[in-house]
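As structure tokens, one chain now follows by itself in the form predicted alone.
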Amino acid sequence: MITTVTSQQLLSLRRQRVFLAALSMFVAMTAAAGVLGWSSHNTIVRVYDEAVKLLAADGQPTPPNPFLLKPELSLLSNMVVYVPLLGALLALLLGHLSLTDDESTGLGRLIFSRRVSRTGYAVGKIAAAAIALSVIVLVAMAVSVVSLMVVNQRIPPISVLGRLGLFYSMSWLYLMLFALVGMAAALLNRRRSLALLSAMGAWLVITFAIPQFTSALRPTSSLNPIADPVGSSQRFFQITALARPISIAEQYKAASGQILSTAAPEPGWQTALRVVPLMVFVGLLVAAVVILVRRHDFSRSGNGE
């Protein structure tokens, strides 16, 4: 049953071209991160070459190449912004469509008119979203590897590829959280438009509101993985800072900074702990979606607006 539901959902996403659109957009933003990194690299190299010529003409020693002092994966630092901003919205849409299409077309009523396990149905839907996002993330990782090869003109070492794999694995988990939010919102709201709006509201709270309260970040700085808090000396923010460990967006950005070596180094165990809240919330949402599917009334058609 799980395999059947998973296959049917993946086929539905392909027929609707939703998966292709999500894949294309994710690849485009990954390529954009690579292009920006390549442009920055070229600018630094040109400035350095000119500086070397001037210093050599004056008989002064040549300073080290500044690009060689930068972490190799800093080329992809913009992905830390793109994943929570655009990737999460794409994941929301995938999760939303996974359940609303069955209800609006009446397929849900047809399926559950037979002896079908609701738990198997829910797990199949979750598995389909997980597979679709896995493919998207793997393709994005391949694009990132190509970008690194083009900029550095060599194959990235195993250590760099390992860090890249860790970053995209964590990004996949982050995207799964929002796909599950989209599913839960679809099960809690009868109207499709309201379900999608509710899911986007959750995205806004997680991405902007919670970081602002827990770290005193300005809304425009919430996506910056290196932004310094403002007003953190205020008593209010000292209290709300206690909830910072469960701020998913902040922990994702902080862990990404460690993996990509773009933030001040910290012990490995501390970085691993940053991923724990994300894993816990994903587990809770999986359980919530299964419970909601088991209690949902599929005998009524949803509004297909």
Partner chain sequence: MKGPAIEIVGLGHKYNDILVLHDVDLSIDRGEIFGFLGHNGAGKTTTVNILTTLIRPTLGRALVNGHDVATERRLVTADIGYLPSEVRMYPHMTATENLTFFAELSGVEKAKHAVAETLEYLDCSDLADRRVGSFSTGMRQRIGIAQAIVHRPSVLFLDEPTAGLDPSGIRQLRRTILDLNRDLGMTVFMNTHQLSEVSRVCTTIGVLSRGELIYKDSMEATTRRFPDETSLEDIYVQMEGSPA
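Residue numbers count along the first chain shown, from 1. Here the structure is a predicted model, which means the values were calculated and not measured.
Note that the form predicted together with the partner chain isn't included here; everything after this is about it.
- In summary, the region of this chain contacting the partner chain in the predicted bound form, judged by heavy atoms within 4.5 Å and restricted to 152-160, 75-83, 193-201, 98-106, corresponds to 98-106.
- Not displayed here, the partner chain is approached by residue 16 to within 4.5 Å at the level of heavy atoms in the predicted bound form.
- When the partner chain is considered in the predicted bound form, residue 134 lies well away from it, no heavy atom lying within 4.5 Å.
- Contact check for residue 164: every heavy atom lies farther than 4.5 Å from the partner chain in the predicted bound form.
- Using a 4.5 angstroms threshold between heavy atoms, residue 123 stays clear of the partner chain in the predicted bound form.
- Residues from 1-15 that approach the partner chain in the predicted bound form with a non-hydrogen atom closer than or equal to 4.5 Å are 1, 4, 5, 8, 11, 12, 15, in the order they occur in the chain.
- Cα-Cα spacing of residue 19 to residue 195 is reduced in the predicted bound form versus the present form (difference of at least 3 Å).
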